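The chain below stands alone and is given in structure tokens; this is the form predicted on its own.
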Amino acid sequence: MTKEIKKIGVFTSGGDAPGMNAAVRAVVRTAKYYDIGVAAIYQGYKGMVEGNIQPLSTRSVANIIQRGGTVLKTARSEEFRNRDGRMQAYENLKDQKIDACIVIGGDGSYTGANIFTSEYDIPFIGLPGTIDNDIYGTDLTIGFDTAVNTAMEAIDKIRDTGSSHDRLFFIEVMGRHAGYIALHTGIGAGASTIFIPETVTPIEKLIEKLNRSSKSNKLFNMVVVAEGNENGDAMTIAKKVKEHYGYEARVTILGHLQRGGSPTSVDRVLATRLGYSAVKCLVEGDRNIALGIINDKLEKTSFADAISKKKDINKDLLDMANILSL
């Protein structure tokens, strides 16, 4: 028989993402509806190992839905990677009478949950919280929409300067292993070329576009670069373009700016929906799964699949971006 859930531990793990707080709020308030207690595990797996666990009430999550970052904090934990550390985490959860956990994070967080649930009898539900949008089993991850809008707003401001001076600008966005931010930002900002890790874009292709632009008197060009693309970061590509082809360029690295800020309505609704669904799934007997939304429907994925399966980039968007940049 499925053990009744009387108390849930909730924590955020990995990089912070706008909308995490909205998810925490939804977990607490939904649990209250089902008469289930909730405890905050501060600083993710690190707090689980160290016993940094405190009760949460519906009042304690008031006025956080609009806040970026994570009120529960997040940190790396080398101790949790070891069996002794996980055993201590388990003991701490049992001492707090926690029957299940909800983790909000990315693939590293899911990997920790997958290992832990294979060793101990405390079920986990995972919610995709990462700006990279690279988690299998969901169309969007919590924080992605805000990150794209933040990057696009910054690029719109850079465009004003670039157009005034007829300059070539390289804008570097986050995306060490995934190009979703770069692709969506580049399309939304009208970039000339987009460099992402999933595809190889020869620098010669960029030069062809720059040459065509010069002949058609289009003197301002914007290039969006995902930090992990095959040609190197934005500084490296800009240097190659100048040294080998003579084009002078300016480089802007948006960096952690993309992680912060108040979440968009898309992220608030997504996070709220997933937080609510996580508690409901536990009540209904679901165990050790990651949740997502695909085609506006709740989808359940095993942690193993969420970790191992690749979320493919939309090739139609790539083709469209290339055509519209002519």
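Please read these numbers as outputs of a predicted model, since none were measured by experiment. Numbering starts at 1 and runs along the sequence shown.
Not pictured, yet referred to below: the form predicted in complex with ligand ATP.
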Practice prompt. Heavy atom within 4.5 Å of ligand ATP in the model of the complex: which of Q88, T111, T201, T117 fits that? Just give me the one.
Written response: T111
Response to the item:
Among Y180, F80, F169, F124, just one has a heavy atom within 4.5 Å of ligand ATP in the model of the complex, namely F80
Item to complete: Given that the partner is absent here, state which listed stretch (88-96, 145-153, 242-250, 103-111) has heavy atoms within 4.5 Å of ligand ATP in the model of the complex.
Response: 103-111
Worksheet item: With the partner left out of view, is K205 within 4.5 angstroms of ligand ATP in the model of the complex by any non-hydrogen atom?
Response: no
Discussion item. Given that ligand ATP is not shown alongside this chain, does G14 nevertheless sit within 4.5 Å of it in the model of the complex, heavy atom to heavy atom?
Written reply: yes
Discussion item. So in the model of the complex, is ligand ATP close enough to D132 to count as touching (4.5 Å, heavy atoms)?
Written reply: yes
Discussion item. My question is simply whether H256 lines the interface with ligand ATP in the model of the complex - judged by any non-hydrogen atom within 4.5 Å.
Written reply: no
Item to complete: Check each residue of 284-313 against ligand ATP in the model of the complex and list those with a heavy atom within 4.5 Å, in sequence order.
Response: none
